[in-house]
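First, one chain by itself in structure tokens, the form predicted alone.
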Amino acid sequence: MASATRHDVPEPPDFGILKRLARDQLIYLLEQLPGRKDLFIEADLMSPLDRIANVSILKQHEVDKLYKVESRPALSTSDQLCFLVRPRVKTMKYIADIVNADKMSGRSRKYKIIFSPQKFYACEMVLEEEGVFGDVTCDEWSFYLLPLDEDIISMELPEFFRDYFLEGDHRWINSVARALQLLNSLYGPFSRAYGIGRCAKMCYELWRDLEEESESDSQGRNPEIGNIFLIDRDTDYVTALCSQMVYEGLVDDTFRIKCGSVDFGPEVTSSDKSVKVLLNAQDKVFSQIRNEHFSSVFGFLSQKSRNLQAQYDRRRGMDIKQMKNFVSQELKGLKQEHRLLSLHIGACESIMKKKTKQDFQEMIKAEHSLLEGFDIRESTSFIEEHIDRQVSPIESLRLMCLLSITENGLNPKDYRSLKTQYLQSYGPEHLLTFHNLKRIGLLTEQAAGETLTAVESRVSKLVTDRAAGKITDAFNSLARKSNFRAISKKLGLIPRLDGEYDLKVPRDMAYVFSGAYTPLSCKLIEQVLERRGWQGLEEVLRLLGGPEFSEAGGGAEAGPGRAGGRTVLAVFLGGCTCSEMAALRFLGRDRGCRFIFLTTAVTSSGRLMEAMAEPRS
């Protein structure tokens, strides 16, 4: 099984301190508004807040009622209103409407806005334009990092992907740099930093600037995290677009894991109620199957079921004293495990039903053909049929993007044909989505890309290497070519199989995609850590096109024997998938090191496609 662990893998650091710091700062900010108050919370802060400070903690600090920030007018009767919000213009207008309505009615109240994770100048400008800046007090809740599990930390900023990679908005760079500064101060100093991508480089450079300004003394400390690797999502779109095959990835695709927990509906619970389940290492059943290929999961769950039954059956031959010990010490744990087991079996059945409806095997076959570069015409026909049958707008779009990226863009005839069929099947409102996908380089036509590369190569011959690099960056920002085939060949991303690939006892990271493809992002991390830099990967870097770096951090080089030297912080800017986490966990177990994941948000192909759609007004 993929879960077999080497004994010398270092234990993860204790990230509980991040939660305690966030909770203490929030309590301090709430106490700055003494007395009873109503708290308005933005919708996408509700789940993260629940993981940090539940309702009872808020009540202890004189929060009377909780409201959700929404389009309807507020009905609060309190004399003090506190708003816990993301720094968004739309939300500022919502708050300004409340304040101005109170002014019109002659009502006097106190208003406090707490921005998370930081406030932006644009927000203050809107408050000023609306004439309420002098009526409110503003504060920042530096809630950059939410530990979702023992090895996953999320910034819970799903909008980061669209803001940076589509809109070119750099406003979250500072938040990432400050998050790195916090982790470095608590668990560093990091001895070495590697990275690839423009966003990664900006975040790294700003973080180093912050470190120099703060002059924090971390020398001589034994680091718990040694190396750090930053990677932009646009370095590897292919992995994010592939159908996930590990259990955690399929649960995310099917039920949508939100902030580390999932709502299992009646189809899973076999009752008329939904159940919210926290998916982390504390769940004994989930922790053993999360990284497994789905084909191995049913076998494991049935064996687990038999083992549990055997433990229950032990009661039969017990005397009174043994029975008393069994009831007081084991029964509760067995019942909890039994409940979780039945939920995960229900989830597996639900996933199977859904995938059977969608011709999942046919889709996987088409994906593997695209990755390997075989039967492209056949795969294109499958995508056309998928669109015509109106199976799923998101899935159809994902398959088109995967075809485009693996083929370095679609030829104009195929592009127009697929686009026309899609708009006819799913509606003309998706026209702007195609525009966005083209801008970001996910769904492009070949001709424009080819011309661009030709111009770029000619210009490169006329100028120095340094200037050529800058010009290449400029061209990349206009229309990025994926060069997937060439990169795949250079890094050996498509494993050569001798016979059947054993998914129960995987030999490499490719098991997360049924042995057909090794995630590019994970392969890059593996190669760079192995080589302790980018030496020997020059050709791959040329094809990837993003700037790379390999720098000594603030700390002394941690020896391989120390836990810190074998703990790597993998930072995904724009989102990380469950498949990538499973692949790197496998690599960590294989090499005796521990990967910690810091991501702007946990993502998936569905979330990427949704981020490209234009919100309806």
Partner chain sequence: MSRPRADEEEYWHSSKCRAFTFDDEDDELCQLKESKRAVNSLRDIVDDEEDELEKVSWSGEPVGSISWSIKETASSSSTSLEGRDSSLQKGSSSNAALPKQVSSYSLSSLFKGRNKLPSLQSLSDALSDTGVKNYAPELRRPKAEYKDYSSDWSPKDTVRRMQRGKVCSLERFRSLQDKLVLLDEAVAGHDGNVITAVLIFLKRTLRREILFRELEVRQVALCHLIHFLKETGEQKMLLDLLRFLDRTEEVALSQYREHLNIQDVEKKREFLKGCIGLPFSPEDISHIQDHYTLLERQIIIEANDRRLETAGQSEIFQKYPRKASILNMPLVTTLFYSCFYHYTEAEGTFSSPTNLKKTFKIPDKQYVLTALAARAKLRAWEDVDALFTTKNWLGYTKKKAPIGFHRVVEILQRNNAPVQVLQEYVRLVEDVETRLNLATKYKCHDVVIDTYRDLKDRIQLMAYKCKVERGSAEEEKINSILNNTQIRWKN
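The structure displayed is predicted, hence computed values, not measured ones. Numbering follows the first chain given and starts at 1.
Not on display, but discussed next: the form predicted in complex with its partner chain.
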So in the model of the complex, is its partner chain close enough to D97 to count as touching (4.5 Å, heavy atoms)? no
Does the 4.5 Å heavy atom contact test between C138 and its partner chain in the model of the complex come out positive? yes
For D163, is any heavy atom within 4.5 Å of its partner chain in the model of the complex, or not? yes
Could you tell me if H368 has a non-hydrogen atom within 4.5 Å of its partner chain in the model of the complex? yes
Of Q535, S274, N411, Q282, the one that lies within 4.5 Å of its partner chain in the model of the complex (heavy atoms): S274
Which residue, E539, E530, D79, E429, has a heavy atom that falls within 4.5 Å of its partner chain in the model of the complex? E429
Segment that reaches its partner chain in the model of the complex - one of 398-406, 542-550, 182-190, 231-239, heavy atoms within 4.5 Å: 182-190
Does its partner chain come within 4.5 Å of a heavy atom in each of I17, S142 and K335 in the model of the complex? yes
Looking at its partner chain in the model of the complex, which residues in 28-44 have at least one heavy atom within 4.5 Å of it? Y28, Q32, R36, I41
